[in-house]
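The chain below stands alone and is given in structure tokens; this is the form predicted alone.
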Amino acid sequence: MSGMADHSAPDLATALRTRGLRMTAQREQVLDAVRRLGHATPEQISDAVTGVDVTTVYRNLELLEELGLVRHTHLGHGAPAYRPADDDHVHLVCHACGNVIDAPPDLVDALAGRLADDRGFVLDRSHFTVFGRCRDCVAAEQTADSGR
């Protein structure tokens, strides 16, 4: 077992016990895979965990999210991506290359403040994803345009 698994086991075990549930190897493996992979779809997590089918991964991700250990976000039209709950950041997704860039959560402080002040709306930063074009794709477009 890796050091990461040792670190995650007490948190997971305690969270499960408080709900009257038991620790299983699959639950621990799924949580460890989320922590290791960062942003990962259930299919990617299933591929990374030996002997755990995608249906079991989905069930365990739902439970881990209920326990507050993982969060999901939508980084496009496909399956949601999961990450550790304490990994708090804003997502920037490039339409051109699909790259996902993590940005600090305070990047949207002004927007969150204005929404709260003007409309009483509380922004859920864990689901906040901004779509556009990354620096490399913008540079490639500018290079292509200047070559015409």
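Each residue number is its position in the shown sequence, starting from 1. Worth saying up front: this structure is predicted, and the values here are computed from it rather than measured.
Omitted from view is the form predicted in complex with the DNA, to which the following refers.
The closest non-hydrogen atom of residue 53 lies within 4.5 Å of the DNA in the predicted bound form. Residue contact with the DNA in the predicted bound form: residue 135 places no heavy atom within 4.5 Å of it.
At a distance threshold of 4.5 angstroms between non-hydrogen atoms, residue 24 is in contact with the DNA in the predicted bound form. Taking the partner from elsewhere, residue 58 is found to have a heavy atom lying within 4.5 Å of the DNA in the predicted bound form.
Note on the partner interface in the predicted bound form: the residue among 88, 65, 43, 102 having a heavy atom within 4.5 angstroms of the DNA is 43.
Contact with the DNA in the predicted bound form, defined as a heavy atom within 4.5 Å, holds for exactly one of 97, 107, 115, 79, namely 79. Screening 89-97, 45-53, 107-115, 32-40 for residues having heavy atoms within 4.5 Å of the DNA in the predicted bound form returns a single hit, 45-53.
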